[in-house]
Every structure is written in structure tokens, then in C-alpha cells.
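Presented below, as C-alpha cells, is a lone chain in the form predicted on its own.
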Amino acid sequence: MAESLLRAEQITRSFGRRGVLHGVDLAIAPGTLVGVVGENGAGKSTLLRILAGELRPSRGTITRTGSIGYCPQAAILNDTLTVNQHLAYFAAAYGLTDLSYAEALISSLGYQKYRTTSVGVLSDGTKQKVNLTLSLMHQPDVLLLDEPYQGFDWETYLHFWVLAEALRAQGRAVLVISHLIFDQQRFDTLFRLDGGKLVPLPIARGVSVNTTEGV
């Protein structure tokens, strides 16, 4: 079995007296699509922030052997900057001189006409496309996604899965966290976050089945 790109061992996290995560174990291997579903308030975003290194666990260890791309649920964008200005800013932060991959992502997600538009006037769905592009433009080994297709129309939703499957074929790993997961057969592994722990879920292959929590 290939070495995990990202591994969480016995992760716990509390906020004051409220325990959220209680001994989470997770290993994400190259070339896999992993899904985590759970009702609102189950701790999904907390887990993702810990995996991304944005938040420290109360206990447990995180091991990363690959680069990380992190796409939070709330797009962290500057409303006064254009899409192009965001690309330039993140390219500098990543140390990129070639933006051809970012260009391809923008074309795939279909928002080329907004390149010179201030982000503040974009729709929530288009902001999410920008958010996804910024998290992917440095071609990370592991992509961590929190409610990634929120606000997407059906065509963009399908483009998202084409992109996710292309990343998997390249040997990259994708983790999708959501309260609502459609088309569960697309995933290699699926979990439910319940009671602060990850519970493996069976995946029905060859049929489109909706897995919902808190809906």
C-alpha cells in the first residue's frame, strides 16, 4: 500500500468544555477520493482545519508527506481585488512563475469573463470557483475541500467531478467534507463523522445514491 500523503491519529479537539472530536483516525493515500459526511455541528470543518494546519488539535498527531491545498467553506477573498489580482497575489505566495495551470482551471470552471471583475460583485457560486482555483493553482498533493460545490450550478458541479477525477488519476488525493454528498459511488472511501469519530460507510457501486445528514 502506498504511503499516506496525510495521516491523522487519535485527533481530539475541544472548545472549552464542549468536546467536538474524540479520537479521529484518518489516512489519505495518493490517488484517492475520500468523502466525509456529517450533520451540521458534527465537527467536519473543525477536522478539516486541523488537517490543513489552520487549527491545532487538543491531542493527537497529524503527519503530512505532501503539499496541501485548502478550500474552506467561506471563501477567503478580498472583495476589492479582481480575480486577476487574486491570482497574482497567490502566485507570489506560492512562488509560482507559470500560471498556465490556473488558466486551465479558470477555463474548465467557466468564469474567464470575470477575470478583471472585483470579487465583491461576483455571485457566491463564482466566488467558490475562484476559491477552488486558488487552492489548486500550486498543484498540491492533497486537496482539502469544505462544502466545495456549494452554489454551483449543475454544469459546474459536473465539471468539478471531472476535475476531481483528473486529480485522482494524477496520483493526487482529494478529501471532500459536506453535510450532503451526492453520487457517493464517485468516492473510493466514505465516512460519517458521528459522535466525534469517523465511521466507515459502505459505497453502493454502479448506482447514484444520495447520502444525507441533517437534511
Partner chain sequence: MSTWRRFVIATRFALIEQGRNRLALGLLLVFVPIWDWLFGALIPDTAVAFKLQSTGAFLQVNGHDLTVLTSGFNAITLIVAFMIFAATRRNAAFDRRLVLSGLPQPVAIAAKTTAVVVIAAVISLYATLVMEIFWQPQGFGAVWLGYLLDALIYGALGLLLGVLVASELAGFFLIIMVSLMDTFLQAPVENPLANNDFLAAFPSFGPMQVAVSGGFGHGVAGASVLLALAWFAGFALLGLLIFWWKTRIWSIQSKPSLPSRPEHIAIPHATQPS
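Residue numbers count along the first chain shown, from 1. Remember, it's a predicted structure, so these values are computed and weren't measured experimentally.
Only in words, not in the display: the form predicted together with the partner chain, which the text now covers.
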With the partner left out here, if you bring back the partner chain in the model of the complex, are Ser100, Lys113 and Gly171 all within 4.5 Å of it by some heavy atom?
-> yes
Contact of Tyr157 with the partner chain in the model of the complex (heavy atom, 4.5 Å) | no
According to a 4.5 angstroms non-hydrogen atom cut-off, is Pro57 in contact with the partner chain in the model of the complex?
-> yes
Can Phe152 be called a contact residue for the partner chain in the model of the complex at 4.5 Å between heavy atoms?
-> no
With a 4.5 Å heavy atom cut-off, would you call Gly41 a contact of the partner chain in the model of the complex?
-> no
Heavy atom contacts to the partner chain in the model of the complex at 4.5 Å, residues of 75-92 in sequence order = Ile76, Leu77, Asn78, Thr80, Leu81, Thr82, Gln85, His86, Ala88, Tyr89, Phe90, Ala91, Ala92
